[in-house]
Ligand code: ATP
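First, one chain by itself: the form predicted alone, in structure tokens.
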């Protein structure tokens, strides 16, 4: 039985992934497959942090088992098949009690929703929710039409993400193991965080652990939630093998951990080949640079970009750090493929592929053919050699060497979104078979 929830946290505390672990713990049921952390449209303005919804298939399981976590000392086991389905009413009551106890209901922006279904929903709502914006009413109708039930708390906006999570078709799958300490982890020095993040780099197939240039330990959340840290990878086996020993060796307390399958690193939010740009949606667009990059206060950079869907601005904001160095090197007529979110006439770039760079010629004084010295300009169409007095009428032009070369350029780890697929992940992703095979 699929149980999904969303919108239980706030910027001040809680994490919906923790709340799902509590539902699993209280149910004492088995997990069928993996619990799932599903990131939705990262540009939605009412999101809390990473706009993630949660779903788990709970039942009595059968078949080969895999230990996928520990909750307060109890091993959580995953099974491939269902032996016996639980009571829908009992699951809803248990989930409601957990949501009412742990959600940040005092926050005006927290509006939990629970959805339960005996089967997966069609992918339609996932596509709409990851690439656009969905109303509560539309989500309600979708759930009812597809045989699910739901519970709304306050406005119940969380039913949108919860239903979308059940709709996730899992075309591109990665994994994240999250470690928890309730209600909040102990404070850690930056040096300890860096050390742990660097150790996680040695786990095969993991990504977005640490940003060495900016000394940023990406496995640790910025907000004070029950999450201690999370390790992302393209396969679950290496993570599950490494984490128990890692936790034993660390001087930090935890009380539970669980691995999730996710759509992180999928680029599912990207709309390809747009005919037009819509506010708060994310796109892949190909075109040519217009003009030179310009900067504004705060070290944010912008440049014009001509595409078949219209001319827009591209932006590289200060949080993209050293990526701006490549952005500043853009010249008119450079051909790019860019990925990013569109807001107020600007595409905020998440990564870019420089397909070709324009040829730029620089005018210079001619070289004297008699003595090899550089000639001096004496005015319009008048160049003279100081040594032999030879005269030339025309300047010379040379091809300017470009600092920017064709290639793929990621923003650094510190600036990456959960759902974005960095170029550096592509080779690993192809090998593990996590890339989308068919369009959403």
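Residue numbers count along the first chain shown, from 1. Remember, predicted model here, so these are calculated numbers, not experimental data.
Just so it is clear, the following notes concern the form predicted in complex with the named molecule, a form of the same protein that is not shown.
Although the partner is absent here, residue 160 sits close enough that one of its heavy atoms falls within 4.5 Å of the named molecule in the predicted bound form. Interface residue remark: residue 404 is not counted as part of the site for the named molecule in the predicted bound form, having no heavy atom within 4.5 Å. Within 4.5 Å of some heavy atom of the named molecule in the predicted bound form lies at least one heavy atom of residue 133. Residue 46 belongs to the set of residues with a heavy atom inside 4.5 Å of the named molecule in the predicted bound form. Here the marked residues 176, 206 and 262 all miss the named molecule in the predicted bound form; none has a heavy atom within 4.5 angstroms. Note on the interface: of 332-340, 91-99, 150-158, 359-367, the segment with non-hydrogen atoms within 4.5 angstroms of the named molecule in the predicted bound form is 150-158. Distance criterion of 4.5 Å from any heavy atom to the named molecule in the predicted bound form singles out 50 from the list 395, 63, 50, 33. In sequence order, 6, 7, 9, 16 are the residues of 1-35 having a heavy atom within 4.5 Å of the named molecule in the predicted bound form; the partner itself is omitted from this view.
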